[in-house]
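Coming up is one lone chain in structure tokens, specifically the form predicted on its own.
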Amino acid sequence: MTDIGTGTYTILAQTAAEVMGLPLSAVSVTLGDSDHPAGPGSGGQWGAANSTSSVYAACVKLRAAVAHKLGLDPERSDFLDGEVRAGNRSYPLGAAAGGGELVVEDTLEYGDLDQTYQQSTFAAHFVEIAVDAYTGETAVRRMLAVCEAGRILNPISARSQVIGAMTMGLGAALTEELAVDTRLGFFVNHDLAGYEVPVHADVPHQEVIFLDTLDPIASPMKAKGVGELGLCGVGAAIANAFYNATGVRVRNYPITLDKYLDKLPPV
């Protein structure tokens, strides 16, 4: 398990801090070490929901160990502000480690969940584009993604992930094309001078709406993945908007001038 820029360190720390009643600064997260237990990996919308659920499970087990060590009933103990409280008794959380570290591990298995429930996330993408009637140049003006992915663990990082994916989708739909010399097996445009990715001037106003629902089946955190949700559908929305503007249907990405300029309506 690694953090590929999507905020994994943050949401894992948030989970542990909330369950253990600690400030975020008191939690240290380490990832990407082969000495650690196996994780779900980073990609395919697996990371956030699965890893936070595993951390949650381990923290619940740790709470029980802490309570037993302090002579408290785990079912009646509250973990708040760095303390463990039960009735009129209160101890610093660190008191449980007085005789040495408390270390627990737990695992998370889903069994046949994917056979009995639909595990998908859902999104709708909306795009407004403008096509110059004379030159055929295409510009995206506005983009909106409406996403349903269970509990959103961190709205700030989740939004950043989705708008990044929307930008990727814009590039795939309009500019990014890999030219291959099939005679020599040579990638012709093998750098950012020839392989054109969107820059700030290409990215329009973007908005993300999360339908922050809870999915009690998907995971103990009631969350699902976000990653691909912001990407899948963007290219199709842009292609449909282009068709709506011009009446020309382009079915091969990217939608570049050479594929439609001679088909535009006369001006």
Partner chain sequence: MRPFTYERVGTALEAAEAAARRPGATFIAGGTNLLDLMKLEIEAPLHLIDVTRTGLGVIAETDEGGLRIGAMVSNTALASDPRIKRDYALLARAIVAGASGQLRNKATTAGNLLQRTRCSYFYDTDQPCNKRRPGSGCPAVGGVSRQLGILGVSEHCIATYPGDMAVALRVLDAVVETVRADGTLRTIPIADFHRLWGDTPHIETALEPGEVITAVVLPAPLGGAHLYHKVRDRRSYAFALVSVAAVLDGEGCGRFAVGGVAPRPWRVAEADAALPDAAEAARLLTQGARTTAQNAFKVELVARTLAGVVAEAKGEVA
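As the structure is a prediction and not an experimental result, all values here were calculated from the model. Numbering follows the first chain given and starts at 1.
Unshown form predicted together with its partner chain; subsequent notes refer to it.
Of 89, 190, 142, 76, the one that lies within 4.5 Å of its partner chain in the predicted bound form (heavy atoms): The option sitting close enough to the partner is 190.
Interface residue in the predicted bound form among 154, 119, 175, 160, criterion: non-hydrogen atom within 4.5 angstroms of its partner chain: Only one option qualifies, and that one is 175.
Heavy atom of residue 38 within 4.5 Å of its partner chain in the predicted bound form: Result no; residue 38 lies far from its partner chain in the predicted bound form.
In the predicted bound form, residue 10 touching its partner chain (heavy atom, 4.5 Å): Taking the distances in the predicted bound form, the answer for residue 10 is no, it never comes within 4.5 Å of its partner chain.
Exercise: residue 110 in contact with its partner chain in the predicted bound form, heavy atom 4.5 Å: Residue 110: no, not in contact with its partner chain in the predicted bound form.
Contact flag, residue 132 vs its partner chain in the predicted bound form, heavy atom cut 4.5 Å: Residue 132 belongs to the contact set for its partner chain.
Location of its partner chain contact in the predicted bound form, chosen stretch of 196 to 204, 220 to 228, 233 to 241, 52 to 60 [non-hydrogen atom, 4.5 Å]: Only one stretch passes the 4.5 Å heavy-atom test: 196 to 204.
Residues from 233 to 267 in contact with its partner chain (non-hydrogen atom within 4.5 Å) in the predicted bound form: In sequence order, 256, 257, 258, 261, 262, 264, 265, 266, 267 come within 4.5 Å of the partner.
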